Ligand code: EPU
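Below sits a lone chain in C-alpha cells, taken as the form predicted alone.
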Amino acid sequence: MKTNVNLQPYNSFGFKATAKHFVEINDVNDLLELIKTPEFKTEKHLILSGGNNILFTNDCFDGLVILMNTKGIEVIHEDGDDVIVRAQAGEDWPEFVKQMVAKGFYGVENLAHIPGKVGAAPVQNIGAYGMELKDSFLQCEAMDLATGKTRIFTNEACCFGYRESIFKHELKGLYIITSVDFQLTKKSDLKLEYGNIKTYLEQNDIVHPSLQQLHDAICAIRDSKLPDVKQLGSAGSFFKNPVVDKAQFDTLQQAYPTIPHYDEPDGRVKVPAGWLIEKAGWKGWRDEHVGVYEKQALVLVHYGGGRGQDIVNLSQRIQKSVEEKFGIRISPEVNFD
C-alpha cells in the first residue's frame, strides 16, 4: 500500500488529485488481504477501474483508492455455436472485445473501443450503437467487502438499466466485481442499424461486412468523434441520452422536424444529448481550462491546468441551458468523486 499517490495518470480527464492511500490489486488474494487492513476498515474507499468514467472533484481523495488490475481471459464453456467466456476484472475492455472478434465470437463487437476495464463494464452497463453490456452478460463474481465472501450475480440480479446497475446504487462500494462471464455466439448476428454505421460502410464500399470489418468501422467512427485522452483529457460521453415520453417528443418534433431519435420498447423516445447540447449552442465552447469538444458536443474536455470543479460548473451550466431551451433535464453519465 502506498500513500499520497498522484491520481493524474489514473483518470482520463487528467486532473491532478492525490490519494491518501493507494493499492493495486493483481490477484483476488490481494483483495482478501486488503480488506483485513486497518486502512481499509477505517478509511472510505474508492474502487478504480480504468479511470475513464470518473471525475475527481477535489484535489485530494481522503481515503483508500483500490485499482483493480487482475488479468485473464478464458473460454469456460463451448457447445456448438454457444460460447461462455470469462474475463477478469482488470482486463482492458477494448482489448477484450478485439480478442472476441478475432475468435469469431459475436455479442460485444458494437461495444468496441470503449475505454475502461472489464470489471467496470457491468457497473455502468456500458452501451453503444444499439448494444448494451447486459445483452451479452451472463453473470459476474463479486467480493463482499465486509466479509470477503464471493457472490455470483446473475443478469437479473444486477438490475441493469440505461447506464445503470445495482452496483451504482444499493451495492455501491459494498462489492468489487472480480470477473465477468459473457454469453457469446459463433452465429453471425450483426447490428448495423444504430448511428452512422451503415453510412460508414457504404462510404467504404463494404456491402456485406464481416465481424472484423464491423469492429474496425466502429473503432474508426469513435476515433472520428472522440478525442485521444492522451492528447486531450475527457471521459468520453459525459451525459446520458435522455428518454422522454411520446407526447413530449411529438411537441419537440413539431418545433424541430429533423430531431434525431430512437424509439424505446416501452413507447418512449430516446433523444441524443449531444444534439440537444449542440442546438443549445455549446459545441466547441471553451474557456482557459475546460470546454466542449468541437467534434462532439456530448464530450467535455480538459485542456490542462484545470480542476475537477471546472467540469462540474460547466456541466451544470449546460444542464440549465438545455432544460431552458427544450424542457429536458440531461444527467451525467460520469461518476463524481
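Numbers for residues come from their place in the sequence shown, where the first is 1. Bear in mind the structure is a predicted one, so any value in this text is a computation, not a measurement.
Keep in mind that the form predicted in complex with the named molecule is missing from the display, and what follows is about it.
Peer 1: Given that the partner is absent here, state which listed stretch (139 to 147, 220 to 228, 174 to 182, 77 to 85) has heavy atoms within 4.5 Å of the named molecule in the predicted complex.
Peer 2: Single hit among the candidates: 220 to 228.
Peer 1: Residue-level contact is defined here as any heavy atom of the residue lying within 4.5 Å of the named molecule in the predicted complex; does P272 satisfy this criterion?
Peer 2: Yes, contact at 4.5 Å.
Peer 1: Taking heavy atoms and a 4.5 Å cut-off, does F105 contact the named molecule in the predicted complex?
Peer 2: The answer is no: F105 has no heavy atom within 4.5 Å of the named molecule.
Peer 1: Is D27 close enough to the named molecule in the predicted complex to count, meaning some heavy atom within 4.5 Å?
Peer 2: No, D27 is distant from the partner.
Peer 1: Heavy atoms within 4.5 Å of the named molecule in the predicted complex: does K240 have any?
Peer 2: Yes, contact at 4.5 Å.
Peer 1: Each of F40, G63 and N335 within 4.5 Å of the named molecule in the predicted complex, by any heavy atom, yes or no?
Peer 2: None of them does, since no heavy atom lies within 4.5 Å of the partner.
Peer 1: Just to be sure I understand the contacts: of F160, F96, Y129, Y200, which is the one whose heavy atoms reach within 4.5 angstroms of the named molecule in the predicted complex?
Peer 2: After the contact test, the surviving option is Y129.
Peer 1: Considering D287, D59, E33, E278, which brings a non-hydrogen atom within 4.5 Å of the named molecule in the predicted complex?
Peer 2: It is E278 that has a heavy atom within 4.5 Å of the partner.
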